[in-house]
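Next up: a single chain in structure tokens, the form predicted on its own.
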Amino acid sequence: MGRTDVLIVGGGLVGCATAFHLARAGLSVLVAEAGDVNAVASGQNAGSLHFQMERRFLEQGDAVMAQAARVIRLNRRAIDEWRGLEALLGTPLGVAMNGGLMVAETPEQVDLLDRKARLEEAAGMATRLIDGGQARDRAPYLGPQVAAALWAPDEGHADPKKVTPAFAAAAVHEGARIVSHSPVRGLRKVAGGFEAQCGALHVRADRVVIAAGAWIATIGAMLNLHLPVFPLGLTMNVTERCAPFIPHLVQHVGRRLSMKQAGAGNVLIGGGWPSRLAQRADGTGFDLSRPPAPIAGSIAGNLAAATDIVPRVAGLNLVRTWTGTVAVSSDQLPVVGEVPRMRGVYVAGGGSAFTLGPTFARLLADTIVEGRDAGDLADFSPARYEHLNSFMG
């Protein structure tokens, strides 16, 4: 049986970044990945760095919006994290932070932007409401129906194909071990730690970090824990390459839309349009081993929103649509920290795991290494599920 200080379940961005920080601090670390590193959400997302409050938090009314404002504290940390990431890892990651615009078309949407701006200002986030003319002065590619925009100067994007592999390579350089195609088939608490079967490896670990994205609930169940994180299928589109004309991240406050132009010239279009999760053959639930199926209406709706806001996109050919599976908690807030019901078990995921992934990893590693209070992670602790886990024995 092998032994490690920390077993990390999941070889995505959060898992590999946490491994890097822990190994750098001198702990022995094993990352067990069921497939290939960066093969699921960490490598399939569109790479947005959205630091202003996301539209999904605005869809459920003012109470949810006010609750979500707590994420802004993490977003402010994430800005600094991303600005220093290429230097930290010593490799280009496609990080471009030229600012972002969340646009509005109607008076009701402008009012929502205004209320959002006041919440963000109170939380210390540097966003500024500008009218449609000012938005087009800053971003001439925007269409005439844009009535206002909320400008966030630090937003941008990075290359999701580069970030996680860079963290994985840095973690290995620091002494971590990463094993691919090693799904966790068994995980149990034993005296003084945990035992796990990871592919062909039988491992004993002092602590376990569950960073398995859409599989967080499944891994938690092996330890008799409820970790209510749910899989969602999303759709992304990409156009042919063209000369640079969108230097910003563009989002919409009232429609599902995010857009940015990659370094190669392709325009990436997403924003939360659904795809359909695969079902198991026996009808007992979702089959997360297969990619979600695209939905024609999602593709059409996403492209319609894109061409309405940036008319020039209508002249570009769509070259690819893809789907991916992300994981969101029951209250949409991240889930990061130690599980009070079972000390030594940590969780990281549940939303915004690309933008906030490096920050989750650094804070979680600090918590594990230094044993200090959760600090900025306190609002996102899995302790909020103790009302469920108190019945789990």
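Throughout, we count residues from 1 along the sequence that is shown. What you are looking at is a predicted structure, and each value in this text was computed from that prediction instead of being measured.
Not on display, but discussed next: the form predicted in complex with a small molecule.
Asks: Do residue 45 and the small molecule share at least one heavy atom pair within 4.5 Å in the model of the complex?
Replies: Yes, residue 45 lies within 4.5 Å of the small molecule in the model of the complex.
Asks: How about residue 193 - does it come within 4.5 Å of the small molecule in the model of the complex, if we only consider non-hydrogen atoms?
Replies: Output for residue 193 is no: heavy atoms all beyond 4.5 Å of the small molecule.
Asks: So in the model of the complex, does any heavy atom of residue 219 sit within 4.5 Å of the small molecule?
Replies: Looking in the model of the complex, residue contacts with the small molecule include residue 219, since a heavy atom lies within 4.5 Å.
Asks: Taking the small molecule as it sits in the model of the complex, is residue 215 near enough to touch it, meaning that at least one heavy atom pair lies within 4.5 angstroms?
Replies: Answer yes; at least one heavy atom of residue 215 falls within 4.5 Å of the small molecule in the model of the complex.
Asks: Taking the small molecule in the model of the complex as the reference, which of 27, 363, 339, 41 has a non-hydrogen atom within 4.5 Å?
Replies: Result of the distance check: 41.
Asks: Looking at 129, 267, 184, 112, which has any heavy atom no more than 4.5 Å from the small molecule in the model of the complex?
Replies: In short, 184.
Asks: Would you check whether the small molecule, in the model of the complex, lies within 4.5 angstroms of a non-hydrogen atom from each of 11, 14 and 211?
Replies: Judged in the model of the complex, 11, 14 and 211 all sit within 4.5 Å of the small molecule.
Asks: Can you check 59-67, 339-347, 363-371, 325-333 and let me know which stretch has heavy atoms within 4.5 Å of the small molecule in the model of the complex?
Replies: In the other structure, the partner sits against 325-333.
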